[in-house]
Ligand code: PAD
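One chain follows as structure tokens, the form predicted on its own.
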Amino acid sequence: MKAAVFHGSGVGLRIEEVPRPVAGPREVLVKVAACGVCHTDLHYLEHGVPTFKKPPVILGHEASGVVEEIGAEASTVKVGQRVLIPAVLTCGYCPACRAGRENICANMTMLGNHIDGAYAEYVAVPAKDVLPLPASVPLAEASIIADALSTPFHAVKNRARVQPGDTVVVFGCGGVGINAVQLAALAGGYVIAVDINERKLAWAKEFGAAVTINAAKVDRVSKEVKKLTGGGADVALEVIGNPKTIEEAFECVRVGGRLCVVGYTHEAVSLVAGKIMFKELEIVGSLGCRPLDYVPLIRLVEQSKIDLSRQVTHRFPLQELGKAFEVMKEGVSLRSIVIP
């Protein structure tokens, strides 16, 4: 089969012919319908972030497809079933899993990181992890539920805990950020979207933002947010992973407010501890999505309460995966998918 194989930072990806994976006894072999192109892969390709599996490794962690084969003990899944593959697979028995927080599983396995991923024609995964997709949900576009939708769903619902009437400022309107905007609005929040790209700010308005702020055109975003909200937002979500924007998001929240950090950075962030104490501010992180949250999320897509298809702005064959990363870096895509 053909796959996009990562050979290490500085070497990059190569489209190669590799052996088709074989499903183990409790696994299924999925013929990949599509795999979303995520900024996380750029961390491996261009920013020196290592994969847990030593290269060569097939990247891609945002996939949907059709079950081609099932292992001898995979009785819960049928051949021909349309499925979503979560980006992260969990063990089910560590303390975090037992506490219902599988998204921070001590033994988590991420596609395209710990194991070979889905920039390929086929992928083998545990049968217990795949989720059935209703016939009304478009199969290829459904791939982005695995991360671009599920990650902000967990952030908005469980970590930021957005409530009806909350003022919510979202920093970053890329593939994940635009869904933080959409989901916060769906939860009843008054959403202020922040970015430096006018195209992305226009998308944010389409997906539910009440107000947008171009950070490049104002002195301080926090000053603008405080003017708009009468003192600060109830909730701020940082969906970029930049120390400066995390610090500015922190400055945006009101007394008793909450900052939710969704974006990844390995760099240190400077926050004033006195403000955290005197204002009783909450600072929480958010990683991925719990398996139990995929079911209501897929249901929301099925009910057309979440706009899925409009988010996929570009489609590429596997051989043109490099172009998907180019349009991402140029800021002209919302979400691209690769169709092997």
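Because the structure is predicted, anything quoted here is derived from the model rather than measured. Start at 1 and count along the sequence shown; that's the residue number.
The protein also exists as the form predicted together with this ligand; that form is not presented, and the subsequent description refers to it.
Select, from the options 171-179, 91-99, 130-138, 73-81, the stretch whose residues sit within 4.5 angstroms of this ligand in the predicted complex by heavy atom distance. After filtering at 4.5 Å, what remains is 171-179.
Examine C38 and determine whether its closest non-hydrogen atom to this ligand in the predicted complex is within 4.5 angstroms. Yes, C38 is a contact residue.
Contact label in the predicted complex: I283 to this ligand, heavy atom within 4.5 Å: Looking in the predicted complex, residue contacts with this ligand do not include I283, since no heavy atom lies within 4.5 Å.
May I ask you to check whether G263 falls inside a 4.5 Å heavy atom distance of this ligand in the predicted complex? Yes.
With heavy atoms only and a cut-off of 4.5 Å, decide whether P243 touches this ligand in the predicted complex. Contact check for P243: no, nothing within 4.5 Å of this ligand in the predicted complex.
May I ask whether K157, D293 and I337 all come within 4.5 angstroms of this ligand in the predicted complex, judged by heavy atoms? Checked in the predicted complex: no contact with this ligand for any of the three.
Work out which of C105, A215, L186, V211 lies within 4.5 Å of this ligand in the predicted complex, going by heavy atoms. Contact check passes for A215.
Scan A202, V255, V269, I196 and let me know which has any heavy atom within 4.5 Å of this ligand in the predicted complex. Partner contact (heavy atom, 4.5 Å) among the options: I196.
Out of 124-153, which residues reach within 4.5 Å of this ligand in the predicted complex, heavy atoms considered? Result: D147, T151.
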